[in-house]
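First come two forms of one protein chain, each written alone as structure tokens, so that there is a structure 1 and a structure 2.
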Structure 1
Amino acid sequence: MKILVCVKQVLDADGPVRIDASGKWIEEAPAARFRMNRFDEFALEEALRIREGFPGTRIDALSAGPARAAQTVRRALEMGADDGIHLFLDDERYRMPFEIASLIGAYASDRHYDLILAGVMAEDDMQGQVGPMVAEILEYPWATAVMSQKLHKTGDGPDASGTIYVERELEGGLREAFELTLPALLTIQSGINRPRYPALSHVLRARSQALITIPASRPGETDPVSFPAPRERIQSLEEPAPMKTGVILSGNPSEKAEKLRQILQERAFL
């Protein structure tokens, strides 16, 4: 059985973030730190648990990004993935979900994955679109915001068959249940499991293991994966408006009470 886990490198939210000169994306501070998207950690952990129930399962971890994204692929190897794939992008420009989904779909199209897992969304743009788009490109059945799964599989290789029962999260604490025919794609909701801490043996292996690096080509070129024609672009980014500051009332208690009464009356609270 083969599982592909899609992981994304995101900017650590604890670091400084500011909009760049173009007004269309963020500018990275010199000391900016990057890490694996936390939602993808749950997807990888779920793949590891499936492997424990189905010995012999192979797990590939894939990330599309610039050179620094290789760190996130190695992090996936440290957590227990068998192989790491880096779809190398030659600049830091933000890619829209359809572009990334097309690259992943092109890579996975002839590799016969039984299951593709991804986090429910990315922490930076929170769009949650890449997973469903990959499923549509590959014509896989799919479910989002999965809170539990149970896999039933027979055989191996391209002719293998099986189903996966999933429950996905709805509003108000409700759940929706599906049974999907393999191959399938799931986006995993946080809280489905507790991602494990990397074992020392996996950390040591990840330091020396070679990654599979595939350059993403421009449209019309003949590399294994190519960008599609863009369908959407970011027009502008704006920082949130600063919050209004409080008002300090001056005077003696009677004067303060009168000023407060006037403010409440002006705002229709009285």
Structure 2
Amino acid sequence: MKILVCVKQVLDADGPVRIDASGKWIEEAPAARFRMNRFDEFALEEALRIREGFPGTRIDALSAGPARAAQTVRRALEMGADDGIHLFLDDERYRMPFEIASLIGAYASDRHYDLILAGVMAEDDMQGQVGPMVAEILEYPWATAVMSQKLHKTGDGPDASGTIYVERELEGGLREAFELTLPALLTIQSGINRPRYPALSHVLRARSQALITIPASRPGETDPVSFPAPRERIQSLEEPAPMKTGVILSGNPSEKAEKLRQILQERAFL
């Protein structure tokens, strides 16, 4: 069986997040830290667990991104993916979900993955679109926000068939269950598992393993994977106004603590 896991590299938002000179995306400060999107870690972990249940399964991890995204592909190898694929974008411009989904779709179209997994959304742009878009491009059935899955596979190779039982998350603690015919795509919700830390043996293997790097073309060019025209455009980014109605307490930490207690007492909470 073949599984593809889509992993995105995102800027860690614990550090500063500043708008770049173009006003259309985020600056890459020298100190910026990039890492794997956490939701994708859950997706990759789920793939690793499926492989444990179905020995012989191969897991490809793929990231579409600029040169630095190779680190995230390598991280996926360290966690245990068999092969790492880097759809190489030759600049750091932000791409809309449909552009990325088209690239991934073009890559995956003749590679017969039985299952494609992705995170429920990316922590940076928070769109949640790439997964279901890839599924629709490939004409795979899909389910998003999956909180539990069970694979039923019969046979292997080209004649393989099977289904996957999934529970996806609704509001208010409800779930709904489906059975999808393979091949299928799932986007994985956080909390489905606890992503593992890389084992030393995998870290060592990943160090020497070459990534499969595929250049992604610009519109009109004929590289192996093709790019569509964007369907949406970012007009501007802006930092929201600091505070609408509230106040930020000033002073040293003890003064602030004192003020807070006063306010809470005035309002009869204490």
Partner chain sequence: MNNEIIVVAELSDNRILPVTYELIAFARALAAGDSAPVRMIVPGRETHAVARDLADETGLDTIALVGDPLAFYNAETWMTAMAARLAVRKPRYICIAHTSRGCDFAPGLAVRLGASCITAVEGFSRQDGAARFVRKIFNGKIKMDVTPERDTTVLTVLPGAFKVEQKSPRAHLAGSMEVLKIPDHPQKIRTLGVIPAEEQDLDLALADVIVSAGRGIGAEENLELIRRLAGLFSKSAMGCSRTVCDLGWLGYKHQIGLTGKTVAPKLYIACGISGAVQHIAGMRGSKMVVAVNKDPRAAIFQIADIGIVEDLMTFIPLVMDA
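Sequence positions of structure 1, starting at 1, serve as the residue numbers. For clarity, a rigid core is taken as the largest C-alpha set superposing within 1.5 Å between two forms. In this text the structure is predicted, and so the values were computed from the model without any measurement.
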| item | value |
| --- | --- |
| Either 1 or 2, the form predicted in complex with the partner chain | 2 |
| Rigid-core frame, C-alpha of Asp12, shift of 2 angstroms or more between structure 1 and structure 2 | no |
| Core-aligned Cα shift of Arg261 between structure 1 and structure 2, given in Å | 18.9 |
